[in-house]
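A single chain, nothing else alongside it, follows as C-alpha cells in the form predicted alone.
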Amino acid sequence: MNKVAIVGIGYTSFRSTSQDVSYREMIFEAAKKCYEDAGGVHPQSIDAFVASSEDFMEGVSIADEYVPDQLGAVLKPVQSIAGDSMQGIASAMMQIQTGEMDLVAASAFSKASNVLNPNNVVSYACDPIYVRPLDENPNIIAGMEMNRYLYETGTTREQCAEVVVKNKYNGLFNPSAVYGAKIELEDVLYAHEIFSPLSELDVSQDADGAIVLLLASENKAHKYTQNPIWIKGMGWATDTPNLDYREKGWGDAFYATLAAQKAYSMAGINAPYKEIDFAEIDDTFSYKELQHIEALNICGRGEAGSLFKQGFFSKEGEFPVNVSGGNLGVGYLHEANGLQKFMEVVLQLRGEAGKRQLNKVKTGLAFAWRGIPTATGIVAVLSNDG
C-alpha cells in the first residue's frame, strides 16, 4: 500500500473554558498553524478534508456543514466522522492509499465548556432499555468496570491512584496540559468518591481545544517537510456497547486487543514492549491506563500495576506511557482525544516535545478509546524511520 506520512500539525492551547472564542475560531487557528508547519501549504492545494465531530456535543445537526470555511475547504471534498478523531486519521490515510489523493487534512475539536449538561448527552447514547431508564450518571459504568478489573487481575486501588499522580505530574511539563499538578497518593485515595471506587481525581476533566493534522503520500511528503512521521500501522475495533453482552466480560478492554492486533500486523510488530519506544494511551479513568496497557499486549494481564510501581511506565522507565500527561493531565477533549494522543507521538518523534522530550525514540504508539458507553478502540503505530 502507499505509505502515508504526517507533514503538518497545528493546535490551539487547551483550556478548561474558552468563552472568548467560538469553535470555528479555534479550528481556524489550528488549521493556520498546521498549514504553516507544512511549509506554508495553501488549503486549496489540499485534496480532501476529514472532520471528526459529534452533533450532540455541538448542539447542531449535520455539523459537517460548518466545517469548510475555517479549514479553507470550500468546494473541496469533506468527510465528517461521527467518532474519535483517530478514526478520522484512518479515513484520511485510506483516502491517500487509494492513489487518488496526495494531501488530506484531518481536524477535531472540543468545546465542552459550551455544553450545559454533558452527562445527559452521554446518557442518551446508553442502552435505551436497560441503562438509560436508571437515570444515573453514565460514569457509574466506569466504577463497576473498575471493580471487576481490580477483582479479576489483582490490581490494587493504590496502583490506579499512582496513575493519577504520574500523569498529573507529567502534565506540569506540557504547556498544553490544563490539569497538571503535583499531588500525593493520599490526595487521590482520600478525595471525594463519586463512582465507587473512583474518586473525583481518578476521572479526567473536560477541556476545550482544536487540532489539525496534514497527511501526505510518500511521493509528496518530503515536499512539505524534512521530517515526515510515517504511519506504520492502524487498527480499530468495536466490541458490543451492551453491558450484558460483552464477549470478554467487564474486566477486559477487548476492543483495544482487537485494534492492536490489526495495527501490529500492519506495522510488522511482534513484541510491542520491545519494538515500540513509548506510548500515549487513553486514561479517561485512572484504571483505564493499566487496563489498556495490558490489552495492548505491552505486558501480561494483571502485570501493569506492579510494573507501574517499579517505574516501568514513567518518563525515565523502560516504556514511558503518557509523558504528555494523558487525559488526566491534559484534559478530556472528547472527539479530539485521539488527535491529541496522535499529535503527541508525532511531536516526540520529531524531537519537538520540549521539556517532556524522550531520548532517541524512533517508534511510538497512540491509542484512543471513544469513552462511555462505547467499546471502540483505535491504535496507531508511528515512526520517524521511513
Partner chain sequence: MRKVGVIGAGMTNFVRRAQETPKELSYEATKAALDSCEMNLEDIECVAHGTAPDAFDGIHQKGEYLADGSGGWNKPTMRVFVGGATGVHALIHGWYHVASGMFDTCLVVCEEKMSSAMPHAQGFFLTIFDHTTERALEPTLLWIFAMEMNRYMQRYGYTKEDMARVAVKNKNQGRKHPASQFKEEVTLEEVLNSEVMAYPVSRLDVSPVSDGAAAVVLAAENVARQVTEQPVWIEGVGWCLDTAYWATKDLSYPRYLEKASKMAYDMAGITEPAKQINIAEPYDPFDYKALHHMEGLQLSPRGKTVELLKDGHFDQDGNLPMCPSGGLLGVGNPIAAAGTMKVCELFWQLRGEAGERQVPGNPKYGVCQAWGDLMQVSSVAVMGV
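Residue numbers count along the first chain shown, from 1. Every value quoted in this text rests on a predicted model; they were computed, and no experiment measured them.
The same protein also has a form predicted in complex with the partner chain, omitted here; what follows describes it.
**Student:** Taking a heavy atom within 4.5 Å as contact, would all three of T12, S16 and N137 count as contacting the partner chain in the predicted bound form?
**Tutor:** Verified in the predicted bound form; spot residues all out of contact, no.
**Student:** Going by heavy atom distances of 4.5 angstroms or less, which of L150, A125, C299, I269 would be at the interface with the partner chain in the predicted bound form?
**Tutor:** That would be A125.
**Student:** Work out which of R157, R132, K315, K220 lies within 4.5 Å of the partner chain in the predicted bound form, going by heavy atoms.
**Tutor:** So the residue touching the partner chain in the predicted bound form, by this definition, is R132.
**Student:** Where, among 187-195, 234-242, 285-293, 203-211, do residues come within 4.5 Å of the partner chain in the predicted bound form by heavy atom distance?
**Tutor:** Result for this chain: 234-242.
**Student:** Considering only heavy atoms, tell me if L172 and the partner chain come within 4.5 Å of each other in the predicted bound form.
**Tutor:** Although the partner chain is absent here, L172 would stay clear of it in the predicted bound form, with no heavy atoms inside 4.5 Å.
**Student:** Flag A90 as yes or no: does it have a non-hydrogen atom within 4.5 angstroms of any non-hydrogen atom of the partner chain in the predicted bound form?
**Tutor:** A90: contacts the partner chain in the predicted bound form.
**Student:** Taking heavy atoms and a 4.5 Å cut-off, does F56 contact the partner chain in the predicted bound form?
**Tutor:** Looking in the predicted bound form, residue contacts with the partner chain include F56, since a heavy atom lies within 4.5 Å.
**Student:** Considering only heavy atoms, tell me if E335 and the partner chain come within 4.5 Å of each other in the predicted bound form.
**Tutor:** It does: once the partner chain is placed as it appears in the predicted bound form, E335 has a heavy atom within 4.5 Å of it.
**Student:** May I ask you to list the residues of 69-104 that have any heavy atom within 4.5 angstroms of the partner chain in the predicted bound form, in sequence order?
**Tutor:** In sequence order, D69, A73, V74, L75, K76, P77, V78, Q79, S80, I81, A82, Q87, A90, S91, M93, M94, Q95, Q97, T98, E100, M101 come within 4.5 Å of the partner.
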